[in-house]
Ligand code: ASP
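Let's start with one chain on its own, the form predicted alone, as structure tokens.
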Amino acid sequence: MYRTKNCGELRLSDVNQTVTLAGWVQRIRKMGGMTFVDLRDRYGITQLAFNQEINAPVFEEANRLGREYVIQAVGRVEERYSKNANMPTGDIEINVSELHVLNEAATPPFTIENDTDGGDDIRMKYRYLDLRRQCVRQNLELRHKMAFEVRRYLDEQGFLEVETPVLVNSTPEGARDFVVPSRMNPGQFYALPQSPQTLKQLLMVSGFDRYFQIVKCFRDEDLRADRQPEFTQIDCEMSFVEQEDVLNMFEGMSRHLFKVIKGIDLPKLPRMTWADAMKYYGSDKPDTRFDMRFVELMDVLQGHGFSVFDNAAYIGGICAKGAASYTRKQLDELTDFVRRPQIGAKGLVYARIEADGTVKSSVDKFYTQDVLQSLKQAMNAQPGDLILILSGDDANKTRKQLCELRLEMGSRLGLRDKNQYACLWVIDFPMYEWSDEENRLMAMHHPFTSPKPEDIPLLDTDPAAVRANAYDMVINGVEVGGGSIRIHDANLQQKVFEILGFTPEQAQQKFGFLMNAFKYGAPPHGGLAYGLDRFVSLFAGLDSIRDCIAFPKNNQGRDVMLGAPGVIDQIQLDELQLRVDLKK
């Protein structure tokens, strides 16, 4: 046997046992006639002790070990003289009598420890080494446990796990498709699924009633911290349900995960309309761990001779509690922050509430103290608070800028604690959003989302005003899941396609299989999908989803470990009847 115990399980109760361990050399400490080796496996670290006086040959062999050597050690469990309270195995060590080198190792390019000296690029290139680090491995263990609990919960609720194809047809679902050429069908292409949306709807037509799948999805879009070209969804669908049924079912799943994984009893989730989220937070995924809601100030601040405000289409402010002590340098930093190209504000107005209740503003010369007191009252500000104000000629754009400022202030004031969770449902999204690029209405979610029943008449008169029967779960300002009640009527689906600019022929070509299926009796149905990567990263307190994915891509969509994407041989191109002009 290579091992009788692992490196994380031995305790004082095991003293005097003879055990066999196997793993990787984490660290070597040479202290005269004693050498100590920290042996690591997936389960933990155990200290090995080599005594020159007791076993000189084994001691000499230990001194020839290098970091990350794979070894097997046989010895007796003994109580450590100098205990390590920071290790579960810190009360014991192994007095080694036999040592076998199973595999030598080159010196790794970075230290395999929690606080490594490896940068992102080199760790991604040697990801198989990075995964040996305890902090990274724990993220993958958390991911496993969450996926396991998702399956447990959904199984208990009568859901069936059904696999859907990975090679599908290309459909316009928002992002760009990854496409795969077909050798047997020259000039034709598969697409990798952005989601199993239409397939799970077909399963509802098939009578499966409750479906789920933990499934890989693919989107060829620009990357950021919470995006990868391939990602994992907890994909779910239910038949004979309304919105309330879906929200209750998956709020229950979230409550189960919080309780089992984090030991947190999640209260009933509040619900916020999309319109209120945009009005008070400037975002459809508001971070509600802290207050600092927007207050519209047009009535208070317009018409007093300050042209920036007088000519604005929107003026909004936030109140930062206790931040009146901010220095001029700190306020200048905030001004520079909102002026960054990524945010795009032209400037920032501030007002301090002094200890005596008076208001001191950066635009004092335009406003009397009476007006500033009205500002204080509108903002519900108290002595010691700081009011920050943005304005602009585009209300939506200015709200988004104010949202970034709010989040920045939340971070500066320590209000965005990763160990605190604020969850909510955002509901009543618009059915459509205008695309300047396409010069037409686009589906805000996807074209299979059902309008709210009371808004269906507006499809003929004012489609831009139609609300969708759609919902997102938001945790700490991150959209972790979203879905909708689906259209199950072929005529309504055809009308929605028409509003989106599809001719009947185009709709039939792209989605004829779904519309034809509806003719054979489609039940009312709806569902949602959670982003497993995002959910795990929230529970792990990560800033990026990358560290909870075993083999992620970098910000350029490349796998630097595998060298993917890469060129393929000409013979493969010829088989596919593809021509690639590498000169371009």
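In case it trips you up, residue 1 is the first one in the sequence shown, and so on. Values in this document were obtained by computation on a predicted structure and should not be read as measured data.
Keep in mind the form predicted together with aspartic acid (ASP) is missing from the figure; the text below concerns it.
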Sort through 547 to 555, 40 to 48, 520 to 528, 57 to 65 and report the only stretch with a non-hydrogen atom within 4.5 Å of aspartic acid (ASP) in the predicted bound form. 520 to 528
Let me know the one among 116, 494, 195, 239 whose heavy atoms come within 4.5 Å of aspartic acid (ASP) in the predicted bound form, would you? 195
Just to confirm, with a 4.5 Å cut-off on non-hydrogen atoms, which of 233, 228, 139, 401 contacts aspartic acid (ASP) in the predicted bound form? 233
So in the predicted bound form, does residue 406 come within 4.5 Å of aspartic acid (ASP), heavy atom to heavy atom? no
Although the partner isn't part of this model, could you tell me whether residue 484 comes within 4.5 Å of aspartic acid (ASP) in the predicted bound form, counting any heavy atom of the residue? yes
Find out whether any non-hydrogen atom of residue 446 is located within 4.5 angstroms of aspartic acid (ASP) in the predicted bound form, and reply yes or no. yes
Using 4.5 Å between non-hydrogen atoms, is residue 200 touching aspartic acid (ASP) in the predicted bound form? yes
